[in-house]
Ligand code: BES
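Take a look at this one chain, the form predicted on its own, written out in structure tokens.
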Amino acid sequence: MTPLINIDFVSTDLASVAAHQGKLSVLMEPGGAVPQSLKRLNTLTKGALKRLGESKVFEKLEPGQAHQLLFPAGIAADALQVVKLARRPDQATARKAGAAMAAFQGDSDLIVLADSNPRAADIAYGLLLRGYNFDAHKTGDKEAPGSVRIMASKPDAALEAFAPMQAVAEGVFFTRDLVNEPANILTTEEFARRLSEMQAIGLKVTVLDEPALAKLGMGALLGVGMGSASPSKVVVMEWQGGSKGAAPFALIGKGVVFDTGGISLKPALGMEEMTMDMGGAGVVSGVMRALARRKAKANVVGIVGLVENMPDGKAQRPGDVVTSMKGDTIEVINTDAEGRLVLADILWYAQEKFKPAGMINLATLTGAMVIALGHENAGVFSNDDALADAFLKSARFEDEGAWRLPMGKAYDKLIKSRIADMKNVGGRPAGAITAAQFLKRFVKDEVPWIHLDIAGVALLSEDSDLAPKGATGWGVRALDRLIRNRHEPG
């Protein structure tokens, strides 16, 4: 797994700051006045901080943004970064400031003068998340990431606040690694192997192979992988940190390791990004890792369906009819609408096997979702207002974009089949909603459920505040927060 930057919290030591030969980040409030804690540094740099604070350059910076001074006089640092940040910033801005520090750090050792800022842990969290770099397949010399020392007036308290954030960041990195991996590396078997390795951190992991899935009656899921040399699998991850015997909360993920569209072949342009079609399974896996790492006091089960959708003489055809584990029959109109077939069976399996207190499934499910919400928000569909509201609150707290969309029986007529119980697509109108309506048929009425369509947020073509371009790990933080708020005591 991509390593996390090593971050230490220490007491402020201005002598070591002056002698530091790497990079240095300091905080100045929006007014530009040099704080008391930086007076000596300002003197050493012959008034550079004061001049910057009084300049138009500093005035134009947004909170959380920064300006750097190269080879500042009077100190040994190669570069000095001044970050515009209030004395008591909000969480999102503090994390944004940390992300600016990560972009500034490069491979150098970095000292951050956080002093008495109460958001020192959030600054470190933003730095950690933005410091991700996926270079597993690059050759040549690789620079080891530099270390970070955050100087704070209360380093022990900052470290205590940061520890659970660090655990969640590890889950985010795990998700990003999975989504970024090419499909010739992350086969269904390799995916299952990596998840099985998490038994070492306390998860119970069970891998169901094709004979076991056939015995369970998962005809919808197995149909998707018929054209691939990679065997279809379902991986079950259990974390039992809550009350013994209490019903678990279930997380369900679509894990299509590569999606050609099958016989309904996708256009060639952009198909290389279909390595991310296992993004839902990647998020579930990252959340489970985070829960285990921070020893969450909750019972949670994560279930992912791992398949590959390929064209082949044995591949599923448009017009085929498959029988789901529930027993409902599905007419496959378009083999590129495969994710909902995978989810249908594992949703039903989760309910039959674990009797969950609630369920959330995640999938890079529809292009229609990208058209509707772009790359700013995931789509939220639910049969339960309380659960939906709780998730949206958690997503807002973690600054992960999500927006609830409607559902309703009127959409069901679009997936009515002439020859089976339903068909797997309903045409272009309301494509993301009809996909949700399809999934709802595999959710029991008494089970609170959310469907998250993450097609627009799982992979970005440009940098975001807390992630470099590529896999974002969207959802790990919000789901961890939801579980913390709803399923953990205190």
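As the structure is a computational prediction, the values presented were derived from the model and not from experiment. Numbers follow the displayed sequence, beginning with 1.
Keep in mind that the form predicted together with this ligand is missing from the display, and what follows is about it.
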Could you confirm whether residue 122 comes within 4.5 Å of this ligand in the model of the complex, counting heavy atoms only?
-> no
Exercise: residue 338 in contact with this ligand in the model of the complex, heavy atom 4.5 Å | yes
Should residue 365 be classed as touching this ligand in the model of the complex when contacts are defined as heavy atoms within 4.5 Å?
-> yes
Does residue 276 make contact with this ligand in the model of the complex, using a 4.5 Å heavy atom cut-off?
-> yes
Identify whether this ligand in the model of the complex is within 4.5 Å of every residue in the set 220, 441 and 451, based on non-hydrogen atoms.
-> no
The one residue among 417, 206, 199, 334 placing a heavy atom within 4.5 Å of this ligand in the model of the complex is 334
Heavy atom within 4.5 Å of this ligand in the model of the complex: which of 28, 52, 41, 425?
-> 425
Which of 174 to 182, 102 to 110, 149 to 157, 366 to 374 has heavy atoms within 4.5 Å of this ligand in the model of the complex?
-> 366 to 374
Does any residue in 452 to 469 get within 4.5 Å of this ligand in the model of the complex, counting heavy atoms only, and if so which ones?
-> 455
